[in-house]
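Each of two forms of one protein chain follows alone as structure tokens, named structure 1 and structure 2.
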Structure 1
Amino acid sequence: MGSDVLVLAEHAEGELAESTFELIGKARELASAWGGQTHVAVLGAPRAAGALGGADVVHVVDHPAVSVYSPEAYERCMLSVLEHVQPKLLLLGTTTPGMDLGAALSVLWDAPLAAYAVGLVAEGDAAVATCQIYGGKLMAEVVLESERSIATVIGGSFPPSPGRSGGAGSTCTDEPPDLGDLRTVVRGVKVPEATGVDITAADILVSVGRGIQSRDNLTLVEELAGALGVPLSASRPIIDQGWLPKAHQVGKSGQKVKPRAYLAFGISGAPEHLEGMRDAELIVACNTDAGAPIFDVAHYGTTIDLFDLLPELSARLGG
């Protein structure tokens, strides 16, 4: 039985995702418990290998077909690395590539998959994954006792700092498998138009949800954000309506934020939204529904109608 743990490094234009370091740190913990090593696979971004000091071995697979994410090409390359390394556990992010590859490699590599994991611990020779089900409403403990297993991990579940250094740091170049007969080819990548707003860098965020009721009412939260001199963010319903650009979205399908203060108005607190903001240092929520899930994570909350509260707050701040 193998004892190593393999991580897939995710990147965009050669820049590594923060989730990669979160996974490497956890991989080191698990591999140490099993007496193994931490391996990281980097596809299509050889220059990124130098930033992976937390790995014992970095496997670089370079080919034009994997310079950007392509499911079919990535599947073949990852299966080749898996057959080379023969790890006990493969860790992937709960991202578009991770969800694609987790399911596909579970079949191709013949390994059980624990999806939406938020916790992983070693218990003897097994890994025990704590996984979200029903959108995070329930947690399930999954014991991975197989000789080889896969887990897709939700971003932010583990700290990134342990994954940045401490490994042996050797790099090897793995020959790519045959990619000459791919049935799908990525012709280009369309990047959303920049808005000049980076909600992930803000110390304070004013955030709004469907409780604002209409696009015209957004001026109320915009005035408060302006008075505070901070960006305006939103839950998914606001983005889906087209009332704010995608760059303003907080949540599982948007941005993960960790501001010093997160002020939520008219946000019910769906699990997908909480995943993106629950690590804020201070959460203040306003919702007329006293049973709204947002109050489960809020440090302070009120059921005052936001249409009464927002103008008063803006006036106090001189907005």
Structure 2
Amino acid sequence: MGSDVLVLAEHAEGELAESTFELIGKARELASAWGGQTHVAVLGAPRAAGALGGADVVHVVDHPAVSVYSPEAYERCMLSVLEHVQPKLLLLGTTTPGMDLGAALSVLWDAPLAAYAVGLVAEGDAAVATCQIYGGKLMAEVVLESERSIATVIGGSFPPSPGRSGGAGSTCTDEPPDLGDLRTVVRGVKVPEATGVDITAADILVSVGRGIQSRDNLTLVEELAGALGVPLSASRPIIDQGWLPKAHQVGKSGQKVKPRAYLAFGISGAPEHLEGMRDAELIVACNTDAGAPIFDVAHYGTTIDLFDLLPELSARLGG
């Protein structure tokens, strides 16, 4: 039975994602507990292999069909790497590729899956995952004790592995599987439009979520942001409603911010939001629900209604 751990590296144009190093660090820890090795699969970016010093073996699969992420081509390549490596555990990020491949491979490679993991430890032969469920309101402890299993891990859950330079112990170039007759073909990549506001550069962010209820009510946070002379940022639902441009979105599919202060109004603190702001130096959260997960990362919190608090803040800062 295998004792190795395999990580799928994620990259954008050859630049490896921070989350990949977090997974490699965890993979090393688990593999050493089981007496196995750490393998990393890199699809479509052969040069990235040079930055994977934390891995024992890097498997490079290169083919034009995987230079940009595409579920079907990635899936076929991963099945072929899995066949070759036969790991005990496959680690993926809770990212777009992880959501596609984790779920699909759990059927196609016939392995149980623990999703939204934030903790992962070896317990004898098993891996025990701690997973977020119900938007982070509860945690679930899941025991993975099959010969093969998969976990998708939320970004920021583990410290990154230090090994970023020097190659891996060894690198092998795997022959791509048959990638003919793909039903999914990439046409292009789109990046969001710049708006002239860079929320990642701000010292303070006033951030607003669905608790604000309507576009008209945004004036309340605009007044506070104006009084402080700082930009407005927001959770995804505000952006999806078209109330603020995409460049103002904080989180997994928006921007990762690290301001000196993050003031959150009416944001529940879903895992995808926390991923983008949990490293802020100071977090102050206003949410009427005392059980909202935002209070897990906030330094100061209040359950006062934002409609009562915002005017008080603005009046005092308005000058």
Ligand SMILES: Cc1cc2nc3c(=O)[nH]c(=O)nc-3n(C[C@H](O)[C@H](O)[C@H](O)COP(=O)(O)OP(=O)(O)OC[C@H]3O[C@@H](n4cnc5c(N)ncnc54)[C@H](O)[C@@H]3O)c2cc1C
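Predicted, not measured: the structure shown is a model, and the values here were computed from it. Under this definition, the rigid core comprises the largest set of C-alpha atoms superposing within 1.5 Å between the forms. Every residue number counts along structure 1's sequence, beginning with 1.
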query	finding
Matching structure (the form predicted together with this ligand), either 1 or 2	2
Core-aligned CA displacement of E15 at least 2 Å between the two structures	no
Rigid-core frame, C-alpha of P46, shift of 2 angstroms or more between the two structures	no
Rigid-core frame, C-alpha of A55, shift of 2 angstroms or more between the two structures	no
For P311, CA displacement between the two structures after the core is overlaid, in Å	9.2
K258 CA shift between the two structures in angstrom, with the core used for superposition	4.0
